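So this first bit is one chain, no partners, the form predicted on its own, shown in structure tokens.
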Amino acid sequence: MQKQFYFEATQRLCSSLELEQSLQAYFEYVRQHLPIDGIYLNIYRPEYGDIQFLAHVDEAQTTALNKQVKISTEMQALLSQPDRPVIRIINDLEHDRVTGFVAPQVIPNIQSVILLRMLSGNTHLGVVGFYAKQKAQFCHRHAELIEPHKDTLSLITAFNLKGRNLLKANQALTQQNRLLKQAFNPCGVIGADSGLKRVMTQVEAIAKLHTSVLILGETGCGKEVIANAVHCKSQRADKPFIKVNCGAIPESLIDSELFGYEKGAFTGAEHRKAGFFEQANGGTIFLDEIGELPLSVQVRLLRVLQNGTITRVGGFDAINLDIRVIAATHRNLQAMVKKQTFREDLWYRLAVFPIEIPSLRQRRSDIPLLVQHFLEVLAAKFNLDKLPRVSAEQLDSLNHYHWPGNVRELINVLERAMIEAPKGPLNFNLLQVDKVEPAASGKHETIIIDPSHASDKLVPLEMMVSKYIAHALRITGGKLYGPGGAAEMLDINPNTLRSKMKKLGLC
């Protein structure tokens, strides 16, 4: 009878790859021979200090569970004892401290149970509980019938756990892939409908044309993001998009990197190499920090813009290109033209359609959107199950910070906070939040500079005035006119201030 019972029960356990279905078939057969009202399956997780329920079946339904029950240190010590029996009969839960605490939290009416340990090698995996809603329902004959099933139940449980982990890993990868695609989607611009709305209107206007674009803005404000958007919305979207940081290329290598070289052009040139411009043929080349290019290279860049041709280093033949140039800089190119450090003819070629990106402090309404976006990206990077919480007070501190490094600094601040507290709440108290407090008169507090504390090394007066006006604009968030504006702070007529700003190249 016992062999027949083992054979029939095992057949039902192996009837499906789905744990719930095989457990249902197993329960329907076993209940004909044992006085059980249901079966549950759980595992002990010492690393979390809890017991996790995986499945439960009774006459009403079969349910996959993900219920965790925390247990005390004393209970964990009991479960870690190496000499625990494989099978135990508990006819009154009051006689077993762990089961009496854990099981009723998932099965409220449980009164007695047979616990069958599952092992994976020598590792305790968990237990299968055959329970009844009345006390004193089980005897040794019942235990002898189900004890041979431990290996089959252990194997099925191990496979189910592996499947759950694979599914969880797959879901995590899918989420990470979605977030990474969102992060690097060139058409996705955070703040396109708010702080960058005017910029995106300009992007839509110029994208379909082949005109060169000049993107202006402070360091870290998102010039590359806007360049990506221009390319993505253009007719060249499926063609190459080559990004070049002009400031990162040594001056001695700029020609060969940008325009390529022929074999034998210099020592070590063992074969012909296409430069960045050739690589971008048919598409777009993005020249970031174009203000760093030396004058000698600016001449050759001008030729590309005028004639659409390049000549490789060491070559003689002109190579025709179909290419769009998007340039970007944080420098004041007009001021550089006046100082003759940037070619005037190149400036006019590039500045056909300038797009100026506001700093982060000028579009503070985008900060919550940016925080949410980068938290999702960083959570995927750090493999976090959920996003850490940001309190309203901490978000307010982000909104009041002056952000000299713009969006790039915001990313760094968020990443540092997540490293320090991956589960949250995030803390940004290290930021030095500068708030301009109004004086009693209602005007901003006057900043007094005592020249007696300055060094003997002086800077040009125009540069000092320019920096002082720029500082006032930072404090006011870019506001020029009206109460609380830069003109009021500097005690100067707004039109006079505007005129000075134009003269200094600040607008």
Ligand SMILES: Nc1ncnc2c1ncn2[C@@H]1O[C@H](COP(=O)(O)OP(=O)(O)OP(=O)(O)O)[C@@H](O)[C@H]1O
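On a predicted model such as this, the values are computed, not experimentally measured, just so you know. For every residue, the number given is its place in the sequence shown, counted from 1.
Keep in mind the form predicted together with the ligand is missing from the figure; the text below concerns it.
Q: Please work out, step by step, whether the site is open or blocked: first superpose the C-alphas near the site so the ligand is positioned as in the model of the complex, then count ligand atoms within 2.4 Å of this form's backbone or C-beta atoms (3 or more = blocked).
A: The site is open here, because the ligand, transferred from its pose in the model of the complex, meets no backbone or C-beta atom within 2.4 Å.
Q) Heavy atom within 4.5 Å of the ligand in the model of the complex: which of 224, 278, 415, 292? A) The option sitting close enough to the partner is 224.
**Q.** Selected contact from 349, 343, 408, 124, since only one has a non-hydrogen atom within 4.5 angstroms of the ligand in the model of the complex
**A.** Selected option: 408.
(Q) Test of understanding: in the model of the complex, would residue 189 fall inside 4.5 Å of the ligand by heavy atoms? (A) Residue 189: contacts the ligand in the model of the complex.
Q. Using heavy atoms and a 4.5 Å limit, would one call residue 220 a contact residue for the ligand in the model of the complex?
A. Judged by the heavy-atom cut-off of 4.5 Å, residue 220 is in contact with the ligand in the model of the complex.
Q) Should residue 374 be counted as a contact of the ligand in the model of the complex, where contact means heavy atoms within 4.5 Å? A) Result yes; residue 374 sits at the interface with the ligand in the model of the complex.
Q.
Taking any heavy atom pair closer than or equal to 4.5 Å as contact, tell me whether residue 255 reaches the ligand in the model of the complex.
A. The answer is no: residue 255 has no heavy atom within 4.5 Å of the ligand.
Q.
Counting heavy atoms only and using a 4.5 Å cut-off, do 36, 96 and 145 all touch the ligand in the model of the complex?
A. No: none of 36, 96 and 145 comes within 4.5 Å of the ligand in the model of the complex.
Q) Picking from 299-307, 131-139, 87-95, 282-290, which part of the chain touches the ligand in the model of the complex when contact means heavy atoms within 4.5 Å? A) Heavy atoms within 4.5 Å of the ligand in the model of the complex occur in 282-290.
(Q) Flagged pair residue 396/residue 483: C-alpha distance shifts by 3 angstroms or more in the model of the complex. Which direction, closer or farther? (A) Between the C-alphas of residue 483 and residue 396, the gap widens in the model of the complex (3 Å or more compared with this form).
Q. Between residue 484 and residue 222, does the Cα distance in the model of the complex come out closer or farther than in this form, changing by 3 Å or more?
A. Compared with this form, residue 484 and residue 222 lie closer in the model of the complex.
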